[in-house]
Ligand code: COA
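Below you'll find only one chain, the form predicted alone, shown as structure tokens.
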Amino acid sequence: MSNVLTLENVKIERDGATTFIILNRPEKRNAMSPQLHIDMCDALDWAEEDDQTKVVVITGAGGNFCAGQDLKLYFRGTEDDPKARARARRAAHAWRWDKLSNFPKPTIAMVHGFCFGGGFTPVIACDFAFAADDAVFGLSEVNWGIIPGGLVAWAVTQVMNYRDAIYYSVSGEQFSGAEAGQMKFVNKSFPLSDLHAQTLAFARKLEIKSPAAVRYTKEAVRSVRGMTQLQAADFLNAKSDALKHVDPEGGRAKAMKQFLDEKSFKPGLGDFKR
């Protein structure tokens, strides 16, 4: 078993093949500092290469997911150091969108407590998101006389319908985890007492599936959203053919044998035996 990485503002905890990457500034409701952004980049790079990790859960310590950017450290703390500001900006964008939205393993955002501003982006970038019913979401930037920072204004349009995206961005009103589940900003919401168990139960379902099939499926769904029907058909055919050649487990052949010859696998009723 490989050792877990030790970082200043991020904790990493294992539970079987699921790795929890935890924003760890609980005294600041996990507001994102420049160091936290750098630590999250390191944590995701480590998890990508870690053989034991099959699923990654992003969450926060101390009862909250993320209160957004730490305005004092991110803006005031770097205003006289352009290089530090540039490093922080690169790291903030890298982990919250580039790394998470292209992560080769399935990712789940587990949201409890407050999720504000820049904390929206990693929730949206993850493949799946679960929230506590009483979690509190808010885009409060308009109340500061600014627009949602970074990619947030674009990112919310990827998972919110147009009316909800405009309403919550312009009004600055908050919405609950239960409401987030109803509008499908997150996949599902649960009572806080059940959130961890429900998230882990879903992660266990992902752990036993073919890693290559999971990766190619989520990449396919993400990619085709911006394509025409003809473009999507061509891309999906190529993606399907590529999967046959890169899957070290030969999942397609095994599933076909178990279904047709051994009669031990019925699609929709369980996973083929790896």
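Only a predicted model underlies this, so the values are computations on that prediction, with no experimental measurement involved. When you see a residue number, it is the position in the sequence shown, counting from 1.
This protein has a second form, the form predicted in complex with coenzyme A, left out of what is shown; the following refers to that one.
Only one of 116, 175, 128, 190 lies close to coenzyme A in the model of the complex, with a heavy atom inside 4.5 Å, and it is 116. Contact here is defined as any heavy atom lying within 4.5 Å of coenzyme A in the model of the complex, and by that definition not a single one of 211, 239 and 244 is a contact residue. The shortest heavy atom separation between residue 38 and coenzyme A in the model of the complex exceeds 4.5 Å. In the model of the complex, none of the heavy atoms of residue 53 sits within 4.5 Å of a heavy atom of coenzyme A.
Using a 4.5 Å cutoff between non-hydrogen atoms, residue 140 counts as a contact of coenzyme A in the model of the complex.
In the model of the complex, at least one heavy atom of residue 27 sits within 4.5 Å of a heavy atom of coenzyme A. The partner is not drawn, yet in the model of the complex one stretch among 79-87, 99-107, 177-185, 141-149 has residues with heavy atoms inside 4.5 Å of coenzyme A: 141-149.
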